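Only one chain comes next, encoded as structure tokens, the form predicted alone.
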């Protein structure tokens, strides 16, 4: 299936590597002008930028856990592009920790950092762009969540809670913004073969992780990216508010 994003501007947060890079590449390959966002790894972001077809594409830095940084990023992007047609909230963190071995101070720090990044980051980025999408007649937002929002994450409870909150936020926004032609979608992957998961997948738990899916493997970034681009394409307005599982039947819900 081919998608046409010619003359469309797309902002992908957390797109210097991993899933975000694959999403950026897929949009660029479909004709979009892509804004690559990064937090700290400028070298990786520049490598992603250089590898994108078409263009000219853009690079922007921001800490999505910082509301001021988010606002500055959106202002910079809009000044450069005039309009963002699609926002993909992909930036996030995943931290494993032994819950019962933390001090109270460590517990608070883990939760605050995760919620600021994984939930407030997308909320603030979306809010800043929604104002412009309304004025310009519409837009699309795709939020990257996780199957952990549904099944629970005992090794990283703040992560699971942040993604559950992101799902709820997305559906609330879908109802509120549909009259303005701003449509919201959620993609909930399982494990993805990226540099962030490479250590786990190559370690002693790798076979068990791959065995969670009847396919006997984890997702490739391109598989998830294809779903994101489909949701952001023309003709999917009536899917607004949907939550799409991309986990290889490793976790099923009804």
Ligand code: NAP
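Since we're looking at a predicted model, the values are computed, not measured. Positions refer to the first chain, counted from 1.
A second form of this protein, the form predicted in complex with the ligand, is not displayed here; the remarks below concern that form.
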Only hit among 90, 170, 126, 114 for heavy atom within 4.5 Å of the ligand in the predicted complex is 90
If you check 192, 28, 186, 35 against the ligand in the predicted complex, which one has a heavy atom within 4.5 Å? 192
I'd like to check something about residue 57: if you look in the predicted complex, is any of its heavy atoms closer than or equal to 4.5 Å to a heavy atom of the ligand? no
Does any part of residue 41 reach within 4.5 Å of the ligand in the predicted complex? Heavy atoms only, please. yes
Wondering, does residue 19 line up within 4.5 Å of the ligand in the predicted complex on heavy atoms? yes
Taking any heavy atom pair closer than or equal to 4.5 Å as contact, tell me whether residue 163 reaches the ligand in the predicted complex. yes
Options 100-108, 145-153, 129-137, 80-88; stretch whose heavy atom lies within 4.5 Å of the ligand in the predicted complex: 145-153
Which of the residues spanning 50-79 lie within 4.5 Å of the ligand in the predicted complex, based on heavy atoms? 62, 63, 64, 65
